[in-house]
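Next up: just one chain, as structure tokens, the form predicted alone.
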């Protein structure tokens, strides 16, 4: 297990050196525990034939509040695909002293936002750096073949108040599930 962790760290550092992953790149494998103590391994989800959505997450970010509390964007999209081999994982890469940091804060957020998917704890920020996650939210959709199919914003409205008219993650999921490539593979994340 220690060897796998070291390989993941080295791959992550190599990806971070070039700015993270882009559409068409192989997703960086990782194994993280969620706020309830359950382990999640990207490789296993993909081996099981799932599409995986990664959402970089900070419970105290106004843009996360926009999409989780005010508009429920994330949960609504996940609900549309929950029975279609789609796994949605929120990843919190905040370190000590940073906004949204800590197991207790994220356990509270699961209840506060009535989240229907787990928050993974990446307190060292290794996975966040490997993906090049810059904002909360920063979204990545990974096809079952392990390739990044979409990277960027959840939607087309970068304000802290109003959800957008175009939901890029929803569109990417619909395309992948029809064995098509997303019409929009990359956008600029905001948050």
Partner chain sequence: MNVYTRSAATFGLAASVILALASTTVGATTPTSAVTVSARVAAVSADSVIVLWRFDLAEDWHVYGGFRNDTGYPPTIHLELPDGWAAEPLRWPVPERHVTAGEILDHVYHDALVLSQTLRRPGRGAPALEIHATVEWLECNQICIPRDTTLVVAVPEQADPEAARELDAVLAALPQPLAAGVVQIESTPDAVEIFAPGATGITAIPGDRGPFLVDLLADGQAAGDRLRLRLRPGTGSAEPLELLLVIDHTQSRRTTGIIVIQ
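Just so it is clear, the structure is predicted and the values come from calculations on it, not from any experiment. Positions refer to the first chain, counted from 1.
The next section is about a form of this same protein that is not shown, the form predicted in complex with its partner chain.
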item: Its partner chain contact in the predicted bound form: residue 61, any heavy atom under 4.5 Å; value: yes
item: Exercise: residue 65 in contact with its partner chain in the predicted bound form, heavy atom 4.5 Å; value: yes
item: is_contact(residue 37, its partner chain) in the predicted bound form, heavy atom dist at most 4.5 Å; value: no
item: 4.5 angstroms heavy atom contact with its partner chain in the predicted bound form for residue 49; value: no
item: Contact test, all of 72, 118 and 167, partner its partner chain in the predicted bound form, heavy atom 4.5 Å; value: no
item: Proximity to its partner chain in the predicted bound form (heavy atom, within 4.5 Å), stretch among 141 to 149, 26 to 34, 154 to 162, 39 to 47; value: 154 to 162
item: Contacts with its partner chain in the predicted bound form, stretch 114 to 140 (heavy atom within 4.5 Å); value: 125, 128, 129, 133, 134, 135, 136
